[in-house]
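Here you get one chain, nothing else, as structure tokens; it is the form predicted on its own.
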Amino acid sequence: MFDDRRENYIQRALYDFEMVLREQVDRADKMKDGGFYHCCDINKGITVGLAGGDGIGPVIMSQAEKLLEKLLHEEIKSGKFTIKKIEGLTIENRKALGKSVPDDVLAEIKECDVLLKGPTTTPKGGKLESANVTLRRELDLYANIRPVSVPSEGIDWTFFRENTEGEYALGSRGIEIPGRLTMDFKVTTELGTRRIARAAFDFAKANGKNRVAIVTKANIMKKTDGMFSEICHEVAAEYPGIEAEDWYVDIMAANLLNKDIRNQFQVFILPNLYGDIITDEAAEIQGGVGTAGSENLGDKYAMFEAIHGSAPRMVEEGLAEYANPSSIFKAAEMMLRQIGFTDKADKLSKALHICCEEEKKLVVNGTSEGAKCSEFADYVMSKL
């Protein structure tokens, strides 16, 4: 009976693939590289959107809001800094509307100068896309930048993860032949690769770095990762004095655990999926995913977020109040630095260093034996 329907399934799959291919070619044709996000004019006032998201997100975001209110008390009072709460980016609202990011929520976000965002839940299976993937695509936030630092071990890494392509571009648009097979797609464009490579090499040059690791699986994914590596090397040729090295993602995952060589790495360029995985490993080396923040930049919009998930198990076990706010605090620091409040960012960075590295009077470990989110937040704020 399946044989009778197989041709119909194949023809339908071919039609779906054609639509996807045409859409991605159109996207590549329209893609622009306007350069990195330029910081706002703080003299005209800045509006920061806060979206708590799901699970532990509202818990850690409530503390981030208190932190910003304390750190920027005078700027808020004078109207130079405005906090706007974005309420609709919850899994309940997204499921009810059948949209990964509802239209009214996206419109609200676009009215803000920058967005500070908590983790959002993505259902397994189904067709509801990740809210992060949608936001990165709709706002063209092509660069995900994640710093990782362990000074005691000489680790000072900065990861440039391509943010709008790879496996994530069409993660909800694969093909299925029921009872036989499924296929998902990976997309790599020339300009999409070139602009993330340039961002990484510009950063390396501006910060005195002389080594950039290009991380792919080009020996297996010969078309997509092969082109990614090739273009990165083309861009590298424009930056004399900076060495570009190819690494396969599996060996790089091992290298980050090798204490004999890992402090030799400086800047990394990675396609989307590998960047997601490797930066979580790197964050764990720093002290856990709860300790790392990230920034998502395009040429017009910017979004800053905790890198971890919504931790539904913690919520189910009644441990949400024990969530670690360090990641969202790190993201807030990166946001403040990007929009021009460098002195405020430095104060927050110093306070986090004291609380997380020097004194460690309170430790948040995600259990009732550790400190509560609010207690740790108060500890950090006492050190500003």
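The numbering used is simple: start at 1 and walk along the sequence shown. Model, not experiment: these values are computed from the prediction.
The protein also exists as the form predicted together with ligand IPM; that form is not presented, and the subsequent description refers to it.
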Answer with yes or no whether T216 is in contact with ligand IPM in the model of the complex, where contact means some heavy atom within 4.5 Å. no
Does S130 make contact with ligand IPM in the model of the complex, using a 4.5 Å heavy atom cut-off? yes
is_contact(I83, ligand IPM) in the model of the complex, heavy atom dist at most 4.5 Å: no
Contact of I91 with ligand IPM in the model of the complex (heavy atom, 4.5 Å): no
Stretch in contact, per heavy atom within 4.5 angstroms of ligand IPM in the model of the complex, of 306 to 314, 261 to 269, 197 to 205, 104 to 112: 306 to 314
Could you spot which one of Y168, Y142, F160, Y274 gets a heavy atom to within 4.5 Å of ligand IPM in the model of the complex? Y168
Of T189, T122, T291, N255, which residue is found within 4.5 angstroms of ligand IPM in the model of the complex when only non-hydrogen atoms are counted? T122
Heavy atom within 4.5 Å of ligand IPM in the model of the complex - qualifying residues of 59 to 96: none
